[in-house]
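This document contains two forms of one protein chain, each encoded as structure tokens and listed individually as structure 1 and structure 2.
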Structure 1
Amino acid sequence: MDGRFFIIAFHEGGRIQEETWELVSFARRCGAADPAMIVLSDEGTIEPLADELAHRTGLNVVGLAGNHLKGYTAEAYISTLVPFFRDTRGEICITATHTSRGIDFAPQLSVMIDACCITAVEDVGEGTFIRSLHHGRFRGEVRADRAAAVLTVMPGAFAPEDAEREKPGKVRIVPAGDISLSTRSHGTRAPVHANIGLTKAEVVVSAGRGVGSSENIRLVAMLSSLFPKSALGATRGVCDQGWLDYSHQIGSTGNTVSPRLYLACGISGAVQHIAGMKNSGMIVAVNTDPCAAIFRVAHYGIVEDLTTFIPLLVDRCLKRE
């Protein structure tokens, strides 16, 4: 790809977000000759952030600094980036991760700079970008039809490129000026529902909406009780229904677990759920739908109705003992 390629690096508490290194390999996959990194922060913290990026990627880094960038808000990012990109001519591609922040500011930025906006990109085609539809049942191949593009890239879709470079990139700190915002940031609150037992369990047996009712949670709990050091997990869908409370939720906005065994019962396998359990040692899934996305990450898949299969499984287990 010709023109300029920019990677927006998010950070929190002085640390660069891990997915940033994945964006570097995404840039390479797009054939970007000389991608540049952009980091936004207040004057007190911008330099170490920019330096870390320059050292770990070898790419040139622009640090946009201003007091309005102390805490993240979409408005602060957009009001800083729009003037920065205003004078860029020709093809330009701006990328960020498809995380809560990427989703928050990328579409608005695309409107302001008359760019296309392609979100949750998972792969690169020939001059196109590929993204999931219907929770991975299909994929759409999308072509950018404007000179400027704003892309968000799905976390985990590209391997991180992260090696200390012999030659760090150049760092340029650019004062973003005094920008007054109508949005006020009030900081971050810690998760309301942390569940220590869940993250320490050796076996996690999880319920998805496929259990069908709060009564059937009992089946999943019964299965879980077969294993010592086990815990009961759930999808967000199950917690939203009130069938289990949110401390059981596993996924991008819940707990992250990596037990020796993860047993997914009636779970479709949405990316946001997979994000929280994909590093499990062995993944077993029970689902009535042979095309469910969960079977693509499962080591063993069983196409059965869980309401009949779990009782059978539990029964066979106990009989053999």
Structure 2
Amino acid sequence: MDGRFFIIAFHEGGRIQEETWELVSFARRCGAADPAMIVLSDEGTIEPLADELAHRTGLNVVGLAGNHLKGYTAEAYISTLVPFFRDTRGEICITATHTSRGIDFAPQLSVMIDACCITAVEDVGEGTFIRSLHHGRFRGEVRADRAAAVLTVMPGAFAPEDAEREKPGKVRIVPAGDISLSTRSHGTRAPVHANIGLTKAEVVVSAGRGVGSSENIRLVAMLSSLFPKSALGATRGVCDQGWLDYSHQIGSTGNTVSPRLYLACGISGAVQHIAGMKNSGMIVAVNTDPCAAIFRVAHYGIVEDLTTFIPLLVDRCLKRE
């Protein structure tokens, strides 16, 4: 998309969230020659956050400062961003990560500034944005139908730009004033279902709904038991079914893992799950559907019924011991 491109940078505990760096790569893919970054916070923390963004990306940064922005709420962000963008003319693109915060405020912001809203973007086409449909089995191309667009981008869809720029961007701090809100933030808590053993495992064997039933979870657990320092993972669908506890969930709303080996059993490959395991050293997928999205990220793909494949693999491994 031509025109002005703005990246909303989320932060927590004085640190920029990692997904923010992926948005810079997304902006480059969209052809944005000089995107600008926007960070919102209180006056005590806005300058170091803005400086970090400017030094790491080399982009110009606007820091919107106000006491009402000390903790995130959708109301605080919208009440600050709407006046900032209301007088903007021409084509603009505002992007944020497709996390709980991005999903929370982006649609509301689009309504308030008369922009279209496209969520869960995972790729860029010729003037279009690509998103998954039906758990990753299909991909749809969506085109912005207005001059202004608000986008949310799936975590893990774009590799971050890691290198710090030689020349930092310029920083401009803009007082947002004191805005009275009807909602307030009481802070954040660590995930209830965080699984430290899962995040430290060298091998993760994960189950998707393609395993078929709770009884077949034993097969995945049996495969996991072959490896030392291994752990059992799952998709959200498996946890929603009650086949495994939510502490096993991997994905954008669960645990993030980066093991040396990731075995995906009966996992379709929805981008929400891939976001939680994309940095694995080697990914091996077992699925009966040769068109499953998981094969797009797997290093090795096995098209087979796991109830047949896993017992054969386990038997062969045990005989070699």
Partner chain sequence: MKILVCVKQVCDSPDTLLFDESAGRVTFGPHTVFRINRYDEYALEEALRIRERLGDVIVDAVSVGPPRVGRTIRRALEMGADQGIHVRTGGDDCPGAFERAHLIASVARGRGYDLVLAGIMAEDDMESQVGALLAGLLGYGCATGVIFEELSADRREVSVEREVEGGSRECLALVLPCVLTIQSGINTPRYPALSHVLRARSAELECIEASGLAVPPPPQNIVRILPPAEGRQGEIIGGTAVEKAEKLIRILREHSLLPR
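Between two forms, the rigid core is the largest collection of C-alphas that superpose within 1.5 Å. None of these values were measured; they are calculated from a predicted model. The first residue in the sequence of structure 1 is number 1, and each one after it adds one.
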{"item": "Label of the structure corresponding to the form predicted alone", "value": "2"}
{"item": "Shift of Pro259 between structures 1 and 2 at or above 2 Å (CA, core fit)", "value": "yes"}
{"item": "Core-aligned CA displacement of Val297 at least 2 Å between structures 1 and 2", "value": "yes"}
{"item": "CA of Thr128, rigid core aligned, shift of 2 Å or more between structures 1 and 2", "value": "no"}
{"item": "Cα shift between structures 1 and 2 at His273, which is computed once both forms share a superposed rigid core (Å)", "value": "3.6"}
